[in-house]
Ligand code: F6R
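We begin with a single chain expressed as C-alpha cells, specifically the form predicted alone.
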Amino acid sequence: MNIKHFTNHDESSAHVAQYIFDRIQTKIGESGTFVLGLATGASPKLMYQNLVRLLGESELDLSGLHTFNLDEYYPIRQSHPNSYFQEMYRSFWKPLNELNPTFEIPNGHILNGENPKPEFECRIYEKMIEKAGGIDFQVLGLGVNGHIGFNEPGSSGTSRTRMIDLTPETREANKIYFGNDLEKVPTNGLTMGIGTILESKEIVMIVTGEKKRDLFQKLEQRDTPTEEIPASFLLNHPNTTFYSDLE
C-alpha cells in the first residue's frame, strides 16, 4: 500500500486538492479534457473546498471537465436536501461554476435515485463513463465497514454499477443526515461497482476519523483482497494512494 501520512485532516485535504489540481491542469493542457470521479460523505468535504478554490482561481478552461459520482441513495428525489445530488450541487458544482463559469454544471454526473428503472439507470451510467473516456482520477473515502461507494461487504471485485441493499451499519452511520431518524434513511443505493472503480487510471482514498482506525489497520495488514473489506480490492490497483491523518 502506498500510504501518505499527515498530522491532521486539514493538511491531508490540502495536499490531495493540490495533487488533483496539478493532474487536472496537466491533462487539460494536453487534451482539453479530464474525467474526475467524486465521492460524498465527510472525508472529502474539506478537500473539495480547497479544490474548488484552486480551480476557481485558475485560468483553466474547464469546459472539458466532467465529474462522475460514485453513488446515490435509492429511492430518493434529486430535490431532496439529503440526496447526494444536492450535496454535490452545494459543495462542488455550483461554487465551481460561480468561480469559473467555464465549468458547466450539467457536466457533473450522478446516478439518478428517482429513476423508476434502476437497472436501466445503472447501465446508462456505465455507458456514459465509457463515452467520456473512462475515469482519469477517482476520489474515495473509507466506509465504516470497509465499503467504497455503496459496495458493501460481500461485493465482488468485478462488480459493475448496480442497485445494492444498504447494511444496517451504513444506514446507522448515515442517519445523522436524516435527523437521526433511521426510518428516513433509504434502504438501497445505486453505486459504481468495484470493477468499475478499479478501471480508474488513478485513485486516491482519504482516510480520516477515529472510527476508521481499526479498519484501516486491518487493511494495512492484508496482502490480498477480501470481500469482507471491499476497500481491500484497491490492493489490485496499480496506482492507488491512501492519504491518512491517523497516527
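Computed from a predicted model, the values in this text were never measured in an experiment. One-based numbering along the sequence shown.
There is another form of the same protein, the form predicted together with ligand F6R; it is not shown, and what comes next is about it.
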query: Heavy atom within 4.5 Å of ligand F6R in the model of the complex - residue from P186, G56, G195, G41; finding: G41
query: Partner proximity in the model of the complex: L70 to ligand F6R, non-hydrogen atom cutoff 4.5 Å; finding: yes
query: Contact label in the model of the complex: G108 to ligand F6R, heavy atom within 4.5 Å; finding: no
query: Partner proximity in the model of the complex: G141 to ligand F6R, non-hydrogen atom cutoff 4.5 Å; finding: yes
query: Interface membership of Y89, ligand F6R in the model of the complex, 4.5 Å heavy atom rule; finding: no
query: Location of ligand F6R contact in the model of the complex, chosen stretch of 123-131, 145-153, 160-168, 90-98 [non-hydrogen atom, 4.5 Å]; finding: 145-153
query: Stretch 186-220: residues contacting ligand F6R in the model of the complex, 4.5 Å heavy atom cut-off; finding: K212
